[in-house]
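Read the single chain below, which is given as structure tokens and is the form predicted on its own.
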């Protein structure tokens, strides 16, 4: 199996409701992350680093920001005369119940999948932040003779709907699959990166449609745990699932640890994104920056500590920014103080304002708001 024999499917709107503060005007896939990236960059980069040449991005709503970011797919080498990137148009059902439903979205794109000549299909969501070797996943899938392989992590189960939890035997095969179990302890839970044969998916989908099944996780995965060889492939190193504003804040802050940052942005498996050339950041006389990630185009005359600043952020003299995430174009005026704050794009903090949240409850300021 090679990457050229796989078609990738990325669900850009899955779990939008988990991060409603940031997805009101954008998809989960286009949520800004780590100074200069978007969440979809990880799913796309995982695929293209393994040689996948055909990727379909499923959209539902609020996808203008996503399309602006993806463009023709050139940053990921997916701007091609044949194959490449496909923006799959919004799917819908008569009762309007399809929002975030993978089964409904798959029904809407089965024509695209059926016309694809690749033998395998690789699914991915955008709320899982990880950098894995898909080639290693493919080898594992072949060695085990698996029908379906799910990438998983051992840890605290995330508070999201339809999360898949597996009991794995010594060989890595799932002996039991639960969907959204009541037990919230440490488990082996799916990161929603799933590999299977295209023909198997088509068979399962035809069966699901004929029997009026409505849930991908329960009806296609859990229901077939006894009849199919379902295996788990562990994501080693740093991997996490974004389930809320708190986990989004924590995931960004985790990158201030050099070990986490080095693993997630492994030079052997680069994370690609849309390129925006800008001037280098400027640090004024008397400014102070400690343990922070600073994108290009920033102007810092004040104090920044344990924070993440996106492009074009300005921190005036006398301003203090600690433990915060400031997105593109944020302006912090003189003598203002921010602690545990997340600002969306183009936020303006006027002089002598103090905003303070907590690590488990950061203050969020919406796009273009003036405080």
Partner chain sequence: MARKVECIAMLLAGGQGSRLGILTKKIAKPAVPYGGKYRIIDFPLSNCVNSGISTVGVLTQYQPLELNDYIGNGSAWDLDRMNGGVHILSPYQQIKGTEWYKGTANAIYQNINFIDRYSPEYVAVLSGDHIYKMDYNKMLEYHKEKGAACTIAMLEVPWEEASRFGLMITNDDNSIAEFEEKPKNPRSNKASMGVYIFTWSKLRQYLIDDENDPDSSNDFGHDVIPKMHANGEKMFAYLFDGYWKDVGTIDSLWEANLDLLNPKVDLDLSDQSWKIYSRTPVAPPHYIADTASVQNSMISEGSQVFGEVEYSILFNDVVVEEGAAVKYSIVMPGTVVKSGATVQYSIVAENAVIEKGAVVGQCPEQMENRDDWGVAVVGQGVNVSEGAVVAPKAMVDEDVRKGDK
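The model shown is predicted, which means the values in this text are computed figures rather than measured ones. Numbering follows the first chain given and starts at 1.
The discussion below concerns the form predicted together with its partner chain, not included here.
Residue 237 falls outside the set of residues with a heavy atom inside 4.5 Å of its partner chain in the predicted bound form. For residue 246, no non-hydrogen atom is located within 4.5 Å of its partner chain in the predicted bound form, even though that partner is not displayed. Taking non-hydrogen atoms only, residue 101 never approaches its partner chain to within 4.5 angstroms in the predicted bound form. Its partner chain in the predicted bound form comes within 4.5 Å of a heavy atom belonging to residue 294. Partner contact region in the predicted bound form: 36-44, out of 23-31, 59-67, 319-327, 36-44, criterion any non-hydrogen atom within 4.5 Å of its partner chain. For the marked spot (140, 155 and 158), a heavy atom within 4.5 Å of its partner chain in the predicted bound form is absent from each of the three residues.
The single contact residue among 258, 185, 145, 111, judged by any heavy atom lying within 4.5 Å of its partner chain in the predicted bound form, is 258.
For the partner-free chain shown, 275, 276, 277, 278, 279, 280, 281, 282, 283, 284, 285, 286, 287, 289, 290 of 275-290 come within 4.5 angstroms of its partner chain in the predicted bound form, judged by any non-hydrogen atom.
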